[in-house]
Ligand SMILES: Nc1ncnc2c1ncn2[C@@H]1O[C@H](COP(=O)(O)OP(=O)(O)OP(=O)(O)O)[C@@H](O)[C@H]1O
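What follows is one chain in structure tokens, specifically the form predicted alone.
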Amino acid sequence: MRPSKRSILIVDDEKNQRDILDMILAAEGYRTATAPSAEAALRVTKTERFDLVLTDLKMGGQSGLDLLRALTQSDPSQLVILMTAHGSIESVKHALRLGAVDYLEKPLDCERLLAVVAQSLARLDALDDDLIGFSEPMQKLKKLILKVAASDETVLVRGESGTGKELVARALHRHSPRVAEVFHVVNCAAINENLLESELFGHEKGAFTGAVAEKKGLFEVADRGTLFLDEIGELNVTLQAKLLRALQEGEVQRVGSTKIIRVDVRVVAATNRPLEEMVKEKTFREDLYYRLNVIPIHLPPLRDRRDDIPLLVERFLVRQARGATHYAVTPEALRVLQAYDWPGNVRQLESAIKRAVLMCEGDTIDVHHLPEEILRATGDLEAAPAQSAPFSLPSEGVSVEEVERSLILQAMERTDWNITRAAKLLGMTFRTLQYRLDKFGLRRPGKTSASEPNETSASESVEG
């Protein structure tokens, strides 16, 4: 669940300063703790996590910069704000380069203090809507995104298929200074490699057969914005060289042109392939790998954050709500969902919820509505009724109409004669299925007319 109060660790070697900051921040509703030195702060953070560390720069023993380095090394996601009465512009810039999210000048102005703290934590709250989950891996991921979003450095997002790499790329853009500019997505595996060069870098008129006009590449289109290169491991060696030049020099050349075009693009790349192995096999350039991997972000698989599954299920059920119908899930079904390992991660979970809603006769999803492969893997297959079995076809020698009638009847029986759900199951529109039911004279057992059994609620009629 969403943290009710954000936590702040105050680090300062002056007790009066610690007490004043503690009083001010506690009065605003933050959970606070204090430490008299960088060494004490490091001991505290080994056993307790804080949303934000507010530290003085000049202290006896280790400095605030030493603490910042140590915290960033042990947990790159940790948010740190530095306070200084002695700092110059250069020391502030150095702190920001090391990963501080902001700074405050002493003597502290109370309004400025609260504004900077609130702004840093508000961005973290906003990320809660972008990336669902409050498990420890997700909290660390969100803080890391906030820290690197302001940078122009290239980010390499790694993770299994379905973990949400594009969502992370969009969050990086949304919380960056480039948010007012364009965000473009390129799936390097989905575009023919002969066309990908033109897509990325553009071409001149007549550069190749079919180039009837000049075209800007996405590096030009995304100038001052963000370009997300998904499946980066699919680039051929020639394109890898051109991408390296674009990243290192900020220069691109259209196909068929010798003109150099300057671009300012923040690149976020993603892959689920082992680039290190590809470098060893000479199928991926080592220099490009290091240029892409300036800031690595690894997305946790869903099986490593099972506590987030109820929140994800709730969000997906809201998306599936139809009219006045709002779906719920039983505790037993939720237990099964949390027990499953989800090789397809969040994307697979969303697909499973969509299917469960389709198979659900009412507005509550139970164990037997879940996909068979999940029930088999968790040992709950006995809870799946016959309706999860595939459609059976009539024996040979029957007409096409008889086959169609049989399939429609099976779909209606599986959905308890709900036309909307049966139509989805058959891949038909609501009206087409209604016409077929009338045509074949099919009706729910016990009803006296063909039209009466096919009635559905007003909300389902609108959907059809």
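As the structure is a computational prediction, the values presented were derived from the model and not from experiment. We number the residues from 1 along the sequence you see.
Below, we turn to the form predicted in complex with the named molecule, even though it does not appear here.
Colleague: Looking at 197-205, 331-339, 232-240, 159-167, which lies within 4.5 angstroms of the named molecule in the predicted bound form, counting heavy atoms?
Modeller: Result for this chain: 159-167.
Colleague: Here the chain is shown alone; which of 380, 366, 220, 350 has a heavy atom within 4.5 Å of the named molecule in the predicted bound form?
Modeller: Contact with the named molecule in the predicted bound form is made by 350 alone.
Colleague: Considering non-hydrogen atoms and a 4.5 Å limit, which listed residue (108, 131, 185, 295) is close to the named molecule in the predicted bound form?
Modeller: For this set of options, the contacting one is 131.
Colleague: Does residue 272 reach the named molecule in the predicted bound form, with heavy atoms at most 4.5 Å apart?
Modeller: Looking in the predicted bound form, residue contacts with the named molecule include residue 272, since a heavy atom lies within 4.5 Å.
Colleague: Does residue 143 reach the named molecule in the predicted bound form if we count a contact as any heavy atom within 4.5 Å?
Modeller: Answer no; every heavy atom of residue 143 is more than 4.5 Å from the named molecule in the predicted bound form.
Colleague: Does residue 266 make contact with the named molecule in the predicted bound form, using a 4.5 Å heavy atom cut-off?
Modeller: Residue 266: no contact with the named molecule in the predicted bound form.
Colleague: Using the partner position in the predicted bound form, report whether residue 312 sits within 4.5 Å of the named molecule, counting heavy atoms only.
Modeller: Because a heavy atom of residue 312 falls inside 4.5 Å of the named molecule in the predicted bound form, the answer is yes.
Colleague: Run the contact test on 50, 69 and 80 with a 4.5 Å heavy atom cut-off to the named molecule in the predicted bound form and return yes or no.
Modeller: Judged in the predicted bound form, none of 50, 69 and 80 sits within 4.5 Å of the named molecule.
Colleague: Who in 294-316 is close to the named molecule in the predicted bound form, meaning a heavy atom within 4.5 Å?
Modeller: The stretch 294-316, when checked against the named molecule in the predicted bound form, contributes 305, 312, 316 at the 4.5 Å heavy-atom cut-off.
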